[in-house]
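Let's start with one chain on its own, the form predicted alone, as structure tokens.
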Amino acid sequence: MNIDIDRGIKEIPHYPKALAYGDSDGWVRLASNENPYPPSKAVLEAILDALFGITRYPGGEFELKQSIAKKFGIKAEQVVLGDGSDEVIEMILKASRHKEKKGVIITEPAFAFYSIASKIYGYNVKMVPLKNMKVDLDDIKDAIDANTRIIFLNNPLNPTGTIFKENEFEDFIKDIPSNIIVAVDEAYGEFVTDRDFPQSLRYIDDHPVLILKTFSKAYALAGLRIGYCIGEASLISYLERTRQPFSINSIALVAARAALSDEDYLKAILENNTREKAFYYRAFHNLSLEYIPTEANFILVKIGKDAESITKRLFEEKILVRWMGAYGLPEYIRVTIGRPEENKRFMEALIRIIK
């Protein structure tokens, strides 16, 4: 066929959306930064109750917005929901289209969908390298030009787990032109223990700052695909206009509300993450492996030139980790912080393979 496809689409690397990982039994899945535990009991009960209503189109969006607003001390009209953070990213790109300004700035590396979605919607992508595995906001600022429309910042950053801090962000945002949207993706924000993590909601009323969050990670709802964005009410209203109707299913809506209500569950998840992170630090230190201290639920560790082959060897033992070659870090793997027994099985296999 001689179909003329836009060059931006052609430049997007093709990869299979669904990977066959074998049957569900016996696998240790530490490749996708998922919560290794089931959702809370409150979530499961809410899902069971909601099953009887799936003959109707989804309702309950406003109620969830109210719950989110109450949690953060904002108004419901400052929240837009999405079918995962991916839909929110697309909403930002759709609502921000401009006949002249078509530039997007992204760190390199960063979450891959920023670049993919930007190219789909016809934006020109400018990549800004990290410094010492961290986002350098001064370099981001220097990359701004007359074409810049959106800046995507990931904090903590996937894949490094590093953060930029309050004073850095405050200095950064005051110098950003008011016609540039700064989208701060805090998908892993719940896991952060550093007290200097930016209080990003402070900036949404005075600057075009959008804060992205998700129920996929700490709240264990990755399979239900629900995220949200917080910002100034009028800006959020423009994002809302680009949404598909009923893009979030009814099960996800009730599950997310229940998840927000169960603070004890979240506390237990975060405690496990802190404890098992320390386990990994000790184990990598004992192996003399360089790792990046993380504020997320994953760790980036330098394996060396054999990182890809070791990832394949682990796969053969039904242990999934992420080789970081696609992120320009071919000597590294990224491993999710899982349950104690999963982390132990991974480390035992890694030690055996390395030695």
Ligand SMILES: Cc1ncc(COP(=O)(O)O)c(C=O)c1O
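When you see a residue number, it is the position in the sequence shown, counting from 1. Computed from a predicted model, the values in this text were never measured in an experiment.
As for the form predicted in complex with the ligand, it is not shown, yet the points below apply to it.
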Exercise for the section: Consider residue 148 of the chain shown here, and say whether it contacts the ligand in the model of the complex, taking contact as heavy atoms within 4.5 Å. Expected result: no
Problem - in the model of the complex, residue 273 touching the ligand (heavy atom, 4.5 Å) - result: no
Practice task
Look up in the model of the complex whether residue 187 has a non-hydrogen atom within 4.5 angstroms of the ligand, and give yes or no.
Solution key: yes
Practice task
With heavy atoms only and a cut-off of 4.5 Å, decide whether residue 114 touches the ligand in the model of the complex.
Solution key: yes
Problem - Location of the ligand contact in the model of the complex, chosen stretch of 201 to 209, 80 to 88, 251 to 259, 137 to 145 [non-hydrogen atom, 4.5 Å] - result: 80 to 88
Practice task
Would you kindly say which of 216, 107, 96, 162 lies with a heavy atom within 4.5 Å of the ligand in the model of the complex?
Solution key: 216
Completion exercise
The listed residue (225, 119, 277, 243) that reaches within 4.5 Å of the ligand in the model of the complex by any heavy atom is 225
Practice task
For the heavy atom contacts within 4.5 Å of the ligand in the model of the complex, list the residues of 147 to 174 involved, in sequence order.
Solution key: 154, 158
